[in-house]
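The structure tokens that follow cover one protein chain in two forms, given apart as structure 1 and structure 2.
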Structure 1
Amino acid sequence: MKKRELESIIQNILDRLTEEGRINGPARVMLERPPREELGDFSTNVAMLLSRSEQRPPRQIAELIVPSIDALECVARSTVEGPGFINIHLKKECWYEVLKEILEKKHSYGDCPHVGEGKKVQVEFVSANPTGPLHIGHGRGAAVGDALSNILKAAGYDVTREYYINDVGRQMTILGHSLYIRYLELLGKDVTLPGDHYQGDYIRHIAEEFLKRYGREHAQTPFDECRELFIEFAKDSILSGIKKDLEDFGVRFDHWFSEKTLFERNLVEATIEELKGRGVVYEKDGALWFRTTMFGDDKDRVLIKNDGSTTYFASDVAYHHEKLRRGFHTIVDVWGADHHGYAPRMRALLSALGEDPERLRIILIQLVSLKRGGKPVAMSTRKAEFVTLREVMDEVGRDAARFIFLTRKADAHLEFDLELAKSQAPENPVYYVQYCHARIMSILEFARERGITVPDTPSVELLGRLELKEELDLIKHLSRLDEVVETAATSLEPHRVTFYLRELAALFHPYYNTHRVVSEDKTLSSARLILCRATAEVVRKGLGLLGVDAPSRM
């Protein structure tokens, strides 16, 4: 029995009672889980919600509803408790169908296509400037954005993953010039890298590549005559490094959107014209302003500076206009938390264009504080002392890194301890869940060797052998996967899946420890193997949503 299913059954009961005039209704039935298991499998507060309009105490209303619920096929009993909760205990036979469903649907179990209904959603994440390698903070953004994309897809959305490349502007010039200086340095010239340039060693490495490709060809060329060459070379080199890092991290984007193309296609200009047409821009002090204060922003924002160049914000405006034009129902932007101040002006843009600002959903990724054996690791982007995603991946492994990034809400600070993440000790959370899967695979292998079969379409009699409380608890938890996917998708909170998986593993491990799956009792073994298979299926599915492998052996 699935929550959603029972919900609609009980909704029908209330609609009928309303029709019959026994209550004034209408009421929306929402099922929830009681805090303690003695209180039943599900509960509803509908009587309490009706109390006001009915002018009666909630318990009285509840008593009126309960008989109809009690009469349902799958209900063992339902009771009124506390201030007016209706608690529902289901018959255990109703839970077995969950196992059948899992074995039938396999990898698609847990999907809930009715949530997204195929609506187009774009998730833009990472979008780090192509001026240096990805650091650990980008890694968190990548893990969150990618897992969220997986979850949205499972929830029935048509998802596009996009990376926005800031490949124009002053910092690109500085990047190119940094490479130029390092190149001259390699040629033995007496040059120094200005303080506002990129200091990292990676520029030196790029300079070596440049030297290999072009030799001494540009030893005498003034920067102004070869800037594009240096900029492009540095950018391409860094970008391909970023792509490689992300690929190794298990993240693949559908689109790499270049800011430069916005200008090439005149989209920045066109968007500004559109805003002009809507009467939300004005000139002041020689600059062109977007009146974002009309839509809840603190102050108006400049689009075109008094020197005639456009601002970074102007590009963003054009980019988001373009996102809307591409027909995305919802646009998800994953930003570093330090950019939170940009939210009001971006929402203002949607409002100004006559769109519902709710179509833009912003996820803020809080800082990762890196530790090593409990001691903080200093990070400063300026000095290029930061720890790169590559280093973290190499040291702790992809799975551990991704899983740990997803153990917290995105907007909560995350403490990432390198020692802990790479340790193969119990305190490492990723192994707890993966081990559950590996363990089950091993049990299935063991059973196979003994010739014990696991039917694909088990009979109810066979499943009826699963009578232990631990077994029913496991099944009930397995039944919740689609609820978790739905909530994670609508709230844009992938960490919910992580918590769900930990709970699932926490039900399986003790079960394994106290009861033998494979025993002399052939039918019982068979039934338990089905439960194991279903559990493994759900673990694999859940880890897959997080982008983490489910190993068969550990």
Structure 2
Amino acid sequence: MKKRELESIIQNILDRLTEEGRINGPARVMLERPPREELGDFSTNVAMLLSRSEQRPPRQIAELIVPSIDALECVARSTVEGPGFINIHLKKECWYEVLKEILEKKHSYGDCPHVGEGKKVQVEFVSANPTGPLHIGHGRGAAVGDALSNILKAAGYDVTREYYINDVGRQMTILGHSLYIRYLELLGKDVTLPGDHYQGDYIRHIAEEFLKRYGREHAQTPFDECRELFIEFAKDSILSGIKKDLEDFGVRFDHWFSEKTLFERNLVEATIEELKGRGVVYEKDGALWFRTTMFGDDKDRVLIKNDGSTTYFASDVAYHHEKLRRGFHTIVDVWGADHHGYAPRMRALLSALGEDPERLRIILIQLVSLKRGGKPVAMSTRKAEFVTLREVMDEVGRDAARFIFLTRKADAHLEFDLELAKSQAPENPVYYVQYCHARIMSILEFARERGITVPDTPSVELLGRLELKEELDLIKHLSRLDEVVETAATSLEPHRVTFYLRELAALFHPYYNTHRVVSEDKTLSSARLILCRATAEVVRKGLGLLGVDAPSRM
């Protein structure tokens, strides 16, 4: 029995009681899982919600509702507790239907298409400046954005993954000039790379590639005359590396959006003109300002500086205007925590355009501290004091990196222990969950070798052999997958799936260690194999949502 199904059934009971005039109008039924097992499988406070309109104590209302709930075929008993909570205990036979549903639906089990109903959602994530390789902070953002996209899709949304390429502005000029200086160095010129330029060895490697392609052709060319060539060469080289790292990390984007195209298509100018027409732009001190304080920002923001150049904010405004024009119901931006100040001003844009600012959802990714010898590694793309995503993937593997990036809420600081990520121990969360799947695959193979079959449509009588508390606890946890997917999608919190899988593995491993799955009792063996197979399906689905493999062997 699923939570949503039971909510619907009890809602129908309240509707009937209303029609009969026994209550004055139903409230919306919301079921919760009680904090303690003895309080039942589900609990509702609907009687307390009705108390004001009924003008009588909640316990009286609850006692009116309880007989109808008790009459349901799936309910063993329901009780009124405390001020008026209705606690519901289900018959164990009802839980067996969960196993049958899992075996029937397989990979689609846990999907909840009724949540998104096909609404278009854009998730923009990573969007690292193409000025250096991805570091582990970008890796965390990639894991969060990609897993969230998978979860939103499972929840019925039409999802577009997008990467915004910041290929305009001062940082690109500095990048091009960094390459130019390293190129001249290779030619034996007496030059020095300025301290505010990109210092990493990756710039030297790009310079070597540039030299191979162009030779000494630009040895005497002033930078101002070859600026675009060096900028584009450096950008394309770095972006190619970023794409390769992301592909190997299991992340693919539907769209790569270049900031440069905003200017090529005059979208920045058009957006500013629209804002002028709405009376939210003004001139001051020779600059053009967006009156974001009208919409809750702490100060107004400059769109065009007094030298005539546009700000990064102007590009962001035009880009988000373009997102709205593409018809996305919801826009999700996954940003580094250092961008927290951008949230009010971007929501101000939506308000200024007459849109609901809640259409923009922002996820802030907190920093990752990498443990290596107990010392954190500083990250600065210009000084090149950072650990790249590629280095972490090469050392611990894609699966471990992705899973560990998702073990905490995105806006919470994360410590990444390299040694733990590589260990084959229960303390390693990804190993613990993947081993659950691999262990079950081994059990199923062992059973096949002994001729024990696992029926695709087991009978209630067969499943009735699953009488142990540990078995029912496992089944009840399996039943929660769609709730977890729905909550993770609506709250934009993919770590909820990671937590769920760790809890599931923590239920399965002790069960396996305590009870033989394949025994001389073939009927009991078949029933337990069904439970194992269903558990494996759910682990595989959950790991798939996170973009992590479910290995058959470890």
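Just so it is clear, the structure is predicted and the values come from calculations on it, not from any experiment. Counting starts at 1 and follows the sequence of structure 1. So that the term is clear: the rigid core is the largest set of C-alpha atoms that superpose within 1.5 Å between two forms.
Peer 1: Choose between structure 1 and structure 2: indicate the form predicted in complex with the RNA.
Peer 2: Pick structure 1; the other is not the form predicted in complex with the RNA.
Peer 1: Supposing the core is put in the same place in both forms, how far has the CA of Thr18 shifted between the two structures, in Å?
Peer 2: Value for Thr18 between the two structures: 2.5 Å of C-alpha shift.
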